[in-house]
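The chain below stands alone and is given as structure tokens, in the form predicted on its own.
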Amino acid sequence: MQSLRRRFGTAFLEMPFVVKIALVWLVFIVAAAIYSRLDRLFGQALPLQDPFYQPFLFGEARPVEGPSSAHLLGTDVLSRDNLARLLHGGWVSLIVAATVVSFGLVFGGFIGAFVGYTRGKIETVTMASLDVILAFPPLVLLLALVAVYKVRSLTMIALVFGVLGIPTYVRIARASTLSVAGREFVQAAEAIGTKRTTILFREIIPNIMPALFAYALINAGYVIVAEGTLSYLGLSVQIPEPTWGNMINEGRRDIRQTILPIFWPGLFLTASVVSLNLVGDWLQQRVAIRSSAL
């Protein structure tokens, strides 16, 4: 554990300043999203505004208040707290992105490593099938599935995103496996009679995971944008559940009155995607240096 902490501390110190800021932002978004979920589970018992409460209906506030001590980021046209809705909306993006990354790393990583190491007919059939799936634009296919089957729950949205994201991870895992399989340590393991399954899990998969994880961070940014697009079109989680996309959609109707309900979710969405790309690019550079040293 101490060795892991030292390695993480060293890696953090070696990060460029901009990447450090991006990592801090991502940690904040994850922590805030979890905090907002705990707040809901405990019935708004934590110090966070209710994202659904409309106090102007009871004469307690007026719509579109600016930032204040009561509402740090102001309120929207229904006098709902912007900060509370942003944090709750971050939970939706976090769950969808985490599902895609998990499906990609676990299923995509294993399938890609397996076919890349075993080769033969299994590889040919698997990659040909994935090429057919990848021929369809993922976002268009997702729009069709959501529109036809009326999928609206967060669980179903996350699962659909996760399944559609697997083929790309398979291709990346296979390409990385083809490179690793020719290395000396794999050939040495084969020469002493080590079982192929042991080589796959002990030598191949651990060495392709850094490259997969680096891609996963960049892919998570794309997934957040895709989910935001669906939310903006009203094809994701149902209103009044806040998401960054549907907050932008709701705010655009009153943009002449105030831009804040659009500005804040747009800022959170942009900052999260840029941060994921910065950290992912930095990690890819680290993986490339490590691979060249093997």
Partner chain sequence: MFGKVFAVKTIRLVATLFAVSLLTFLLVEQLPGDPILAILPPGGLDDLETIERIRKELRLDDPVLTRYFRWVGNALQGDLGKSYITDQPVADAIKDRIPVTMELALLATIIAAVLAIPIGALSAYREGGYFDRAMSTFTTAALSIPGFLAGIFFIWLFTLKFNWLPSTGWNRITEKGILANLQTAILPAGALALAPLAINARLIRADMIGTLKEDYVLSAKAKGLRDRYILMRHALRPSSLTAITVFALQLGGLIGGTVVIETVFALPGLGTRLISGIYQRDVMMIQGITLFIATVYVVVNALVDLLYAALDPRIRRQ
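Residue numbers count along the first chain shown, from 1. As the structure is a computational prediction, the values presented were derived from the model and not from experiment.
What comes next is about the form predicted together with the partner chain, which does not appear here.
Participant: Find the only residue in P137, G182, G120, P206 having a heavy atom within 4.5 Å of the partner chain in the predicted bound form.
Facilitator: Looking at P137, G182, G120, P206 one by one, just P137 meets the 4.5 Å heavy-atom criterion.
Participant: Heavy atom within 4.5 Å of the partner chain in the predicted bound form: which of I166, L83, L200, L145 fits that? Just give me the one.
Facilitator: Contact with the partner chain in the predicted bound form is made by L145 alone.
Participant: Do V106 and the partner chain share at least one heavy atom pair within 4.5 Å in the predicted bound form?
Facilitator: V106 lies outside the contact set for the partner chain.
Participant: Taking heavy atoms only, is G266 within 4.5 angstroms of the partner chain in the predicted bound form?
Facilitator: Within the cut-off, so yes.
Participant: Contact with the partner chain in the predicted bound form for M15, defined as at least one heavy atom pair within 4.5 Å: yes or no?
Facilitator: No.
Participant: Is L233 part of the interface with the partner chain in the predicted bound form - any heavy atom within 4.5 Å?
Facilitator: Yes, L233 sits close enough to the partner chain in the predicted bound form that at least one of its heavy atoms falls within 4.5 Å.
Participant: Considering the partner chain in the predicted bound form, find the one stretch among 88-96, 183-191, 137-145, 108-116 with heavy atoms no farther than 4.5 Å from it.
Facilitator: Of the stretches listed, the one contacting the partner is 137-145.
Participant: For the heavy atom contacts within 4.5 Å of the partner chain in the predicted bound form, list the residues of 252-280 involved, in sequence order.
Facilitator: Stretch hits, in order: R252, I255, R256, I259, I262, G266, L269, T270, V273, V274, N277, L278.
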